[in-house]
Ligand SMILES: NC(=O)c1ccc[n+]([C@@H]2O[C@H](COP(=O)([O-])OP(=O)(O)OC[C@H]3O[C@@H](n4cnc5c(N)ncnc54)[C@H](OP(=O)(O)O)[C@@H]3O)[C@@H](O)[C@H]2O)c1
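So this first bit is one chain, no partners, the form predicted on its own, shown in structure tokens.
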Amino acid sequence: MTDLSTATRVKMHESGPEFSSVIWGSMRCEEQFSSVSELADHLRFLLDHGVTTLDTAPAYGIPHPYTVEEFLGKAIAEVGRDKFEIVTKLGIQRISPHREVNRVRHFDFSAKEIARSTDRSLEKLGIDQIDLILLHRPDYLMIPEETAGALDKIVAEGKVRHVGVSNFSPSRIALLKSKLKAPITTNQVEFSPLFLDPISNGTFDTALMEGHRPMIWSPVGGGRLLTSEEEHVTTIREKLAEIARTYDLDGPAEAAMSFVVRHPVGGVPIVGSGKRERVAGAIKAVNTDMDIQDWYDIITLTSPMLNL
């Protein structure tokens, strides 16, 4: 019998990596925790519940980008590097006092930036190897041969174990894959009862064909499912609350999490909450198998065409 309070292990691709079935996202950790020791305590709580995979990015930081990796790295050092799988990203260039050269938000998948960003992340996180690095959103000026070559190089150098992408369309995955030696082990994408595009635009079909599990960001619609007063969102929230009661889940957010993982693609949700009860509720939701009719009961509220 499944322990509903502990995250299970899932393989993201046949070649790896192996992650926890719930991933903790660090994007807002500087708001959530006032010190490294507080964050380290939260990381210990995650470990106690089987959540070993941490998601971060160079571009994260409050009030200014480019500070979260260092904050998280210090907390990881207190708890133990060997206890976690660390996912970070590269490519987004944001305006920040920490990147004065950036005069406009843009993207850069050049070989020079891939090498530089990888080395910065290793230094800031205080680690010797990154478990998974993602191209952070598409760079529309990407030169496929150059980007692929740079990714293969950081893998060959042992700086990175696995590579993946974020918010890539099926065609862009195919383009990169055609030049890349290393497998694309995940595509980190948005998916929730409010955002269903991956099930109809080929994103999940591609994942199933290519054999990778997507990482899912904003599984509760960036909080909109819980706070928005828009009529259609309120209707969905009420349905989620009803379904949550059926499965003894904590509420709409947890029902949304169970909805997200029900798709056969086997997506792994990123939970960014610093509240322990939210993380525990997400783990229980991911371990709960939602009935097919309950799943469609939710989806038809977002996609009226399915009612025809």
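The first residue of the sequence shown is number 1, and the count goes up from there. Given the structure is predicted, the values throughout are model-derived calculations rather than measurements.
The discussion below concerns the form predicted in complex with the named molecule, not included here.
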Name the stretch, out of 115-123, 195-203, 133-141, 74-82, where some heavy atom lies within 4.5 Å of the named molecule in the model of the complex. 133-141
Identify which of Leu39, Val261, Val271, Leu240 has a heavy atom within 4.5 Å of the named molecule in the model of the complex; exactly one of them does. Val271
Contact residue in the model of the complex, from Thr227, Ser96, Thr235, Gln129 (heavy atom within 4.5 Å of the named molecule): Thr227
Report yes if any heavy atom of Pro17 sits within 4.5 Å of a heavy atom of the named molecule in the model of the complex; otherwise report no. no
Is Met27 near the named molecule? Define near as a heavy atom within 4.5 Å, in the model of the complex. yes
Would Asp55 count as touching the named molecule in the model of the complex under a 4.5 Å heavy atom rule? yes
Gln32 within 4.5 Å of the named molecule in the model of the complex, heavy atoms: yes
The named molecule in the model of the complex: within 4.5 Å of a heavy atom of each of Gln188, Trp217 and Gly221? yes
Along 56-90, which positions have a non-hydrogen atom within 4.5 Å of the named molecule in the model of the complex? Tyr60, Lys89
